[in-house]
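What follows is a single chain, given as structure tokens, in the form predicted alone.
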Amino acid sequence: MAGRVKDKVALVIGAGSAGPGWGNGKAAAVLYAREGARVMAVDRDPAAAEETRRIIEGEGGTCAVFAADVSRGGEVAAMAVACLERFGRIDILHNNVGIVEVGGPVETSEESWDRVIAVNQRSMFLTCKHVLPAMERQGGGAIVNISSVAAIRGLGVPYISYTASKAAVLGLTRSIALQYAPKQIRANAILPGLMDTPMIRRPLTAAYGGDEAKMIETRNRQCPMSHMGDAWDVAHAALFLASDEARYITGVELVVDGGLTLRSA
């Protein structure tokens, strides 16, 4: 199936990658473009967003770049305006930005807590706040929020701020889905499991004694399919939820985890 989001405008938050390879947001932005969407790639790191733009344009797609810290309301407002000025509408809001900092309630500093909550939770509130009016004016839209199975299951790593922020994303998504359903605006969440993306390397390796190979091996063993998923698994789920194939689906929490939550306590 080609052209699943043809002629739509996708605003992808966190469209760069935290390191070499494919992060969730980068893969989603490229896949939306491959399926016919015009993309605005937003990232705090302009170079990372530019890399995504080069890939999309190299494949014949259309992509604009906007640098923003989406935990700041003024920058988010400017981002929404820029997208509307460039493309005239916003059909898909893809909220991917997120960070991980390891620590339980005692070990986590107030500063660390505030930083993770601002990036993972406040950012999604702000992007929805500034994009929903445009979707309402145009008569519909689709929001895809990236949460995590850490919101619903323990994964063996003490990262309380990450867990709390990703659980909040679920409540935010359900609330928006219910309020905006009469306006033909859908909101859904994706809960990735253990994924092999650049984001896991630096923050999670410390939780495994500083041994990256051990971290990868351990996480692979945890998965019922014997290997972690990757960014494309998340991107394909997002494409479905953003497309008209999911036109009657809203408020769902789509788990993409290779069966992990079937046995995680």
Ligand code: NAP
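Quick note: we count residues from 1 along the sequence shown, nothing fancier. This is a predicted model, so every value here is computed, not measured.
We do not show the form predicted together with the ligand, though everything after this point is about it.
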| property | result |
| --- | --- |
| is_contact(D69, the ligand) in the predicted complex, heavy atom dist at most 4.5 Å | yes |
| Any non-hydrogen atom of R219 within 4.5 angstroms of the ligand in the predicted complex | yes |
| R44 within 4.5 Å of the ligand in the predicted complex, heavy atoms | yes |
| Proximity of N188 to the ligand in the predicted complex, heavy atoms at 4.5 Å | no |
| Contact at V5, Y32 and I90 by the ligand in the predicted complex, all three, heavy atom at most 4.5 Å | no |
| Single option in V255, V9, A18, L241 placed near the ligand in the predicted complex, where near means a heavy atom within 4.5 Å | A18 |
| Residue (of V116, C83, V131, L194) lying close to the ligand in the predicted complex, criterion heavy atoms within 4.5 Å | L194 |
| Which of 106-114, 175-183, 131-139, 90-98 lines the interface with the ligand in the predicted complex (heavy atom within 4.5 Å) | 90-98 |
| The ligand in the predicted complex - contacting residues of 136-156, heavy atom within 4.5 Å | I146, S147, S148 |
